[in-house]
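Next comes just one chain, in structure tokens: the form predicted on its own.
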Amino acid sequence: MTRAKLPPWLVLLLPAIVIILAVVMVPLLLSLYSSFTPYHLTRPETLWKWIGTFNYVKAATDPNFWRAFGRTVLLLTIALNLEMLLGLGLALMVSKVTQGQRLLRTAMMFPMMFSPILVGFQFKFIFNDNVGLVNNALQSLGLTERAIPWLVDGNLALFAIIMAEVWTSTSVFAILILAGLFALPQDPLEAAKVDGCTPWQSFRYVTLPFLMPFIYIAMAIRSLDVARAYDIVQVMTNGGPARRTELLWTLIGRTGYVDARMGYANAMGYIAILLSIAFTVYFFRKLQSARRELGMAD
């Protein structure tokens, strides 16, 4: 009998397939299974006790989960809109530069190169009550007499986290919008100028509609990043004060690794993934709508 030989392409892909199965699929399936169990890190035997959808029902009726979800949506809404506006303005200014534009484009990418943990420590120092740059600047300018408790007050702490997110990721919008500006055909702009359109009208009715697909691509990418925000929040506030800045993934991390309720944490994680997918589908539908308006859709 002759042994069956594997196709050459499968032989080439086999090591990658094995690594993906070992590193991605096995942990993914194990976490999915454990979400249907009362798995507790300090009691390994609970991994084999099946409780069905109990964890999912518990998460769906848990006020702490939905409060964290609401804060995540709030952070996502404010951060994405600020990043879009600042990125659009930055891209428009850079596109007008004639000397040193390549250097400016490189400099724009610096914030996104920093580790989120490093950004968290940086902004934790900037908003520190006693030695922080923000309080020292405000007091030096005479705008306040007392130190403002940026990371102690819940609303101010969320504002500080938003500032950190905006600083580190505005460049994503700026780079993608700048790519759209470089791809913008000049004929419609020249036609608008001949028709007597003002610069604002040309931007509003010619440039912006062409840029919308690039903006929605950036929003889809950033919505996934913000929806799973963890590092910056964990470093700056650890979800405090009194859980006032706790987001979905900081709550999941606390539940899984501090409270050791890994089964329940995995269930919340899969619900959070489904919610993230919903946001992504929304932005991709907006992207398709913008492309249809430009006649670019298939």
Partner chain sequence: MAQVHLKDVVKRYGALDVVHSINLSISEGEFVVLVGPSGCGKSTTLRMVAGLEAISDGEVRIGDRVVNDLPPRERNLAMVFQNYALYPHMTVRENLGFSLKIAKRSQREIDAAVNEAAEILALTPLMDRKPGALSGGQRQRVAMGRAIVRQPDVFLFDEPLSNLDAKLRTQMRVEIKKLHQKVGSTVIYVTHDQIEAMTLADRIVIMRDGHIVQVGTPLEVFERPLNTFVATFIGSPPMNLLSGVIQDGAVVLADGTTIPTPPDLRVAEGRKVSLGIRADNIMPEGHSLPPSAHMAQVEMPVLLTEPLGTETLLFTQLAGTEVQAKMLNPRPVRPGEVLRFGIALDKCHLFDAETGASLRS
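Numbering follows the first chain given and starts at 1. These numbers were taken from a predicted model, which means no experiment stands behind them.
Below, we refer to the form predicted together with its partner chain, which is not included among the displayed structures.
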Quiz item: Heavy atoms within 4.5 Å of its partner chain in the model of the complex: which stretch among 149-157, 72-80, 204-212, 167-175?
Solution: 204-212
Practice problem: Using a 4.5 Å heavy atom cut-off, state whether residue 196 contacts its partner chain in the model of the complex. | Solution: yes
Quiz item: Heavy atom to heavy atom, is residue 89 within 4.5 Å of its partner chain in the model of the complex?
Solution: no
Quiz prompt | Interface membership of residue 190, its partner chain in the model of the complex, 4.5 Å heavy atom rule | solution = yes
